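Just the one chain here, laid out as structure tokens, in the form predicted on its own.
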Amino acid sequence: MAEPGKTKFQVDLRRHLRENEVDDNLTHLICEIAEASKYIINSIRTGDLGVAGTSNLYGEQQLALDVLADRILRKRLDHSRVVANIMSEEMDEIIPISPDCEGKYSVAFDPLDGSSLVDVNLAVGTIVSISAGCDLLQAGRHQVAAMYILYGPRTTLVYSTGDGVHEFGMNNLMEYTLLREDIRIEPKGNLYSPGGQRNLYTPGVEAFVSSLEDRGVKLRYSGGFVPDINQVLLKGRGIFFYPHLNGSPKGKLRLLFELNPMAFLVEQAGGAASDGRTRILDLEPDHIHGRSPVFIGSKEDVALAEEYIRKLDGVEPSIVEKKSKKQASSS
């Protein structure tokens, strides 16, 4: 029989972190992000769905919710007293918070991933990467924690501090309580979530997708990175990918804000994450907003993608891009 107060629905986020002996400052930081998410979900429910009248560094119009979610998180992190630097997907530079790095953390985040889906009432999320000290421009294997919050039919929070992956749900008091501990991903999946235009897939990626279809793997794609990764984690099998494309060798997703934290979580659950050739967590960022292809989920499926890419593409993505440009200019 469980001890009084120890059933899974009565363990809140802070208690779970403390029982797992997570550092006090890191516990405080994760809980501050969880608090910020309560204001973000309220903004999604009641806020302006229009454009903000500004553009991000990619030339994309910023939605009002993007800007608001970014402000909510930045303000919370700024006042946490445990953060050295922050880096937002909505900004073009690292924002220093404290010159003192000792015992503090640096945070990279996408405040509202998939925000363009809000006006059609699909799930969106916040993605967070946490590193010790001041250095944010380093390989993802140096992360000390990662988390995401999914704003869907339910609001859930999934985190890892390097000791398994755990899911929490927001109750009617807007408190996060434990739903599931030690989430695991099976080696082979039965669903796939593909990003990018299929007519732009390279031969290796196309052959990989065909092999999944021949195996009877089902296509399940929402158009949102957070809900699709959440699906793979909670179903316990499957693969998400947004590959290198002919003409777009770096794919779409950002390494520091999206791929590193999700790769950390998926690896902690027994899965794998690769750019098609190299482990995502071993990639060295060359720019704040650098992008990378990604294949992430069940370990055997990720390995199969790498095998097809190695055999049929056989070149680095940059060469694929050059070939496609040369073909276009000669046609």
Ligand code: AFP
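Being a predicted model, the structure only gives us computed values, none of them experimental. The first residue of the sequence shown is number 1, and the count goes up from there.
Separately, the form predicted together with this ligand exists; it is not shown, and the next lines address it.
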| item | value |
| --- | --- |
| Interface membership of residue 204, this ligand in the model of the complex, 4.5 Å heavy atom rule | no |
| Residue 75, heavy atom within 4.5 angstroms of this ligand in the model of the complex | no |
| Contact test in the model of the complex: residue 114 vs this ligand, heavy atoms, 4.5 Å | yes |
| This ligand contact in the model of the complex: residue 196, any heavy atom under 4.5 Å | yes |
| Residue (of 225, 257, 192, 159) lying close to this ligand in the model of the complex, criterion heavy atoms within 4.5 Å | 225 |
| In the model of the complex, the one of 212, 134, 253, 97 near this ligand [non-hydrogen atom within 4.5 angstroms] | 253 |
| Stretch from 159-167, 180-188, 136-144, 115-123 whose residues place a heavy atom within 4.5 Å of this ligand in the model of the complex | 115-123 |
